[in-house]
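This document contains two forms of one protein chain, each encoded as structure tokens and listed individually as structure 1 and structure 2.
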Structure 1
């Protein structure tokens, strides 16, 4: 039995459809991400799962129980917010223990469970400190500990890393994944960050304009997108129509199809008589070069690791395009 079943969920605000017949099943212990651009409906879906919004149509089942009309406090669902939502007047241990006190657990049980969870999130040494004295990453771990300690059936993450800088986001992301694996609590993670979803998830659902575009394992979605939106949003792929596919790569596709080529699968080369495009931009990212190449007014992106770029390129260079894969992917 799935821990969470979302059946035909639709939601309208003032007659405007925000979600349109969403169907998902999330298994026990799974880390499931819902990813999509701003305004696609992912936060609304999370709020419906939590009981903070009610659907216009459809049902929500948690642990096999129809929870559609249940208030939030009856659902045994924990939420990790983007803004931490900690109590500034309490220290770390008091924040983590808050949910257990609400449940009227004994002092002995509260101390035992709180101490155990603080040890898991590597914050035992900060137990007596005010949360305001902690870094952003530490505050996010306190927020997660406060949820885990109550042993919910489900944890919902509402873009929890978006307020952190890059290095802290990487560090906290790794910690979050470790803690979720150790706790085994089924988790639903909402984000607009594709790299977060790919790195953390067992499975992903890609949402756009209130509809599920594709769901599956990260590798499946990245390498085999279901349509042009998924290919552009998840892997930032290049899309070529039938004319360019034939001209650049001698690959024939139907007129209603697009050839999908990942940025890492296409490489600019100078040592060729065939000059197909012009480099209009070169960005150095620390681990790779990102090339922007114009071909007959079409923009093509290439990303190459530093150790594979053996030629010196400059903006304005005329280049050929080398295809680094023999796999042909097409989308409608």
Structure 2
């Protein structure tokens, strides 16, 4: 049985559709991500799952129970917010204890549970501090601890890392994954950062303009995008229409189809007879080179690990293109 079932959920705000017939099933213990561009309805979907917003249509089942019209207090669903939403009038300990106090747990239980959770998130030494004196990453860990301690059926994450700077984001991301594994709580994670979703998730759903575009395992989605939106958004692929794919690679596809070539599946070659494009930009990103190649005005991106780039390229070089795969993937 699935832990969370989202059945035909639609939501309108003042007549404008924000979510359109969303269907998802999320299994026990799973880490499930919903990824999509800004404004596609991610937060709205999370708020509907939490009971903070009511759907215009459709049903929500949590652990098999129809919870569509259940108030948020009854759902046993925890949320970790983008801006942490820690209570500024309480210290770290009090924030974490809040959910237990509300449930009228005994003093000893509260003390025991909060200390053990604070230990897990490595914040025992900050228990008595004001939340405003913590760093962003620490605040985010408090906000996670506050949710975990109540042992919810489901944790919802709304872009929890987007307020952190780059290195802290990587660190907190791994920490978060570890905590989720250990606690085994089913999690729904919302983000607009595809790499975060790919790294963290057991499964992913791609949302755009209120509709689910595709769902599946990270690798499935990355390597087999269902449509051009997913291929662009998840893997930043190159798309070629039938004319270009015939001309460049001698691959025949239908007129309404597009050939999908991942950035790491194509590379420039210095060749005297095959002059297909011009290098307009080379970026050194540390572990790879990113080439931008212009072919008759079409922009092609290529990403190649350092050790595979044996020739010396520079801006303005005329180059040929070499495909590193024989798999032909097309999208409509």
Partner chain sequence: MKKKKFDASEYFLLFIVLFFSIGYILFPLYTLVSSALNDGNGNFGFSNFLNAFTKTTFQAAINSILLSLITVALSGITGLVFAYILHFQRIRTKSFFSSLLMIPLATPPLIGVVSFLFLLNEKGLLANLLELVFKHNELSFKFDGWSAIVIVHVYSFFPLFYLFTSSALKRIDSNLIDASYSLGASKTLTFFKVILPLLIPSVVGASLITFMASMASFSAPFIFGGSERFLTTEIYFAKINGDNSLASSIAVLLTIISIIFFILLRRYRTGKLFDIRHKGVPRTDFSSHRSQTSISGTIIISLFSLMLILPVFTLLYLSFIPEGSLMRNFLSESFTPENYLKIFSEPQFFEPFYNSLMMSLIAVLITLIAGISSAYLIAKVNTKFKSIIENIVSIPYGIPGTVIALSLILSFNKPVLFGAFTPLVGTFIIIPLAYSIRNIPILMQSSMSGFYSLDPSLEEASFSLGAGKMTTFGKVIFPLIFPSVLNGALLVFINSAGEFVSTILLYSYSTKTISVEIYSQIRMYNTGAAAAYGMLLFAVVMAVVYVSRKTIDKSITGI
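Just so we're on the same page, rigid core means the largest C-alpha set that superposes within 1.5 Å between forms. Not measured: the values here are computed from a predicted model. Residue numbers count along the first chain shown, from 1.
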Quick check: structure 1 or structure 2 for the form predicted together with the partner chain? 2
When the two forms are laid on each other by their rigid core, does residue 199 show a Cα shift of 2 Å or more between the two structures? no
Does residue 184 show a Cα shift reaching 2 Å between the two structures after rigid-core superposition? no
Residue 81 C-alpha shift between the two structures of 2 Å or more, rigid core reference: no
Inter-form CA displacement between the two structures at residue 90 - rigid core frame, Å: 3.1
